[in-house]
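Next up is one chain by itself, shown in structure tokens, the form predicted on its own.
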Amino acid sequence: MAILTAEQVSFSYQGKHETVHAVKELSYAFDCGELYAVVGKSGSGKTTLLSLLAGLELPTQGQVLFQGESTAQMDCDKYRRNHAAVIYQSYNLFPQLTAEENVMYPLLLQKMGKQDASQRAREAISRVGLDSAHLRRYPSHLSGGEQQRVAIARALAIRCEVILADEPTGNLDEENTEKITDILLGIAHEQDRCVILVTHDLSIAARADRVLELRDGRLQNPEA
């Protein structure tokens, strides 16, 4: 069974002058062990779809299912905390916390002991290619690529089945974009996670296992 499924999902909201139909009757099943790239022009519904998959928004029609359970019937904060991590283009790190503390934070919310949380955080930070020298650094003392690796390490540490990334390389140069893509592919293939990323970068899409193209809120290649 697919880990995450969209069933005839539509989402509309009231814009300034008219109702906006951001996603229209979209159906797709996502599996673990693969990296999915969601592409399309600005306004095509990419970020809205990611928000629906993350439970940040609920469909106005249809349903999103995680392991067969609708996001409309679950505690979506708990869903993101335990099962579906979201990685943002802007990193969303706490500026007053060190890299290690940022990765530990969701583990402490899960009531994990501080020592165990620190050990798991250090393992995750090492896995994304950062060394012990980065542990005590604050985000302001990290490069953009390093901050994004810390954000990915935070998602890795909580061992979510699903990782959702919104333009994770949008603020990075070509070298760091390639490194982040390598990390995300490794997470999908070697750790059997479902990784779904929104991107405008066709070089990233070319490396994905599957590419989903959205156009005007509709999925153009449902058999991808």
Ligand SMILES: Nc1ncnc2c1ncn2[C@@H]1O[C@H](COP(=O)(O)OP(=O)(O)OP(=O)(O)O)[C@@H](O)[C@H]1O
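Please read these numbers as outputs of a predicted model, since none were measured by experiment. Each residue number is its position in the shown sequence, starting from 1. Each form is matched to the other, and the largest set of C-alpha atoms that superpose within 1.5 Å is called the rigid core.
Heads up, the form predicted in complex with the ligand isn't pictured, but that's what we're talking about next.
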Scan 9, 212, 22, 204 and let me know which has any heavy atom within 4.5 Å of the ligand in the predicted complex. 22
Give a yes/no on whether residue 60 approaches the ligand to within 4.5 Å in the predicted complex, heavy atoms considered. no
Counting only non-hydrogen atoms and a 4.5 angstroms cut-off, does residue 168 reach the ligand in the predicted complex? no
I'd like to know if residue 70 sits close to the ligand in the predicted complex, meaning any non-hydrogen atom pair within 4.5 angstroms. no
Non-hydrogen atom contact residue 191 with the ligand in the predicted complex at 4.5 angstroms: no
Counting any heavy atom within 4.5 Å as contact, can you tell me which stretch out of 170-178, 60-68, 36-44, 151-159 lines the ligand in the predicted complex? 36-44
What residues, if any, in 175-211 have a non-hydrogen atom within 4.5 angstroms of the ligand in the predicted complex? 200
Comparing between the shown form and the other one on the rigid core: C-alpha of residue 203 shifted by 2 Å or more? no
